[in-house]
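Listed next as structure tokens is one chain, alone, in the form predicted alone.
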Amino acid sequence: MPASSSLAPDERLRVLAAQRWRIALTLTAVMIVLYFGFIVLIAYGRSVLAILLAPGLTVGILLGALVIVISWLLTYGYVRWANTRYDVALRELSKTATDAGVIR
């Protein structure tokens, strides 16, 4: 966290929490749009979903599988970000506060 290391620990924690919320809300919004878009397509676009792409594979089956795969990828992206950036920065802040005697 070199860009924000010059900030006070409280401010760095606020920045970190704001980043986490931004990412969580963005990923949630993407998932809601994908899921409800698929549901709306089921409700109003059945003829589109029934298009046969290959024997035994329709557009509906493909899109349903893509919704599941994309949700896995979004989860993977969040977990990777949390493990490589968020948790590291949080540990650094915790160590700084412990070293300063703010927390034990």
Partner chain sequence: MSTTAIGQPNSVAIVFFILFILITLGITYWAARRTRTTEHFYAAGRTISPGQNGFALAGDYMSAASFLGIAGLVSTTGFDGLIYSTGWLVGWPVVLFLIAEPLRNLGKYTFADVVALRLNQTPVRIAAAVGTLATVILYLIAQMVGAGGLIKLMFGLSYETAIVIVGVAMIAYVLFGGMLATTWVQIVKAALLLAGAFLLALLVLARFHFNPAALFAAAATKYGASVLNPGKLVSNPLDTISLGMALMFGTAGLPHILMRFYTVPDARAARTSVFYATGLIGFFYLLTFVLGFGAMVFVGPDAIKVVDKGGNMAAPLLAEFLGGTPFLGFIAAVAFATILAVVAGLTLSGAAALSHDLWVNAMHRGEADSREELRVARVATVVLGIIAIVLGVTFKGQNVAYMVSLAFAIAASGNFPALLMSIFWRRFTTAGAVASMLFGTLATLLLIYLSPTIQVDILKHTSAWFPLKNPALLTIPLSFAVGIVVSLLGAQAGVDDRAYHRRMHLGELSADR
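Residue numbers count along the first chain shown, from 1. Just so you know, these numbers come straight off a predicted model, no measurement behind them.
The same protein also has a form predicted together with its partner chain, omitted here; what follows describes it.
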item	value
Distance check, S94 to its partner chain in the predicted bound form, heavy atom within 4.5 Å	yes
Contact flag, G64 vs its partner chain in the predicted bound form, heavy atom cut 4.5 Å	yes
Any residue of 18-40 that, in the predicted bound form, places a heavy atom within 4.5 Å of its partner chain	R20, W21, A24, L25, L27, T28, M31, I32, Y35, F36, F38, I39, V40
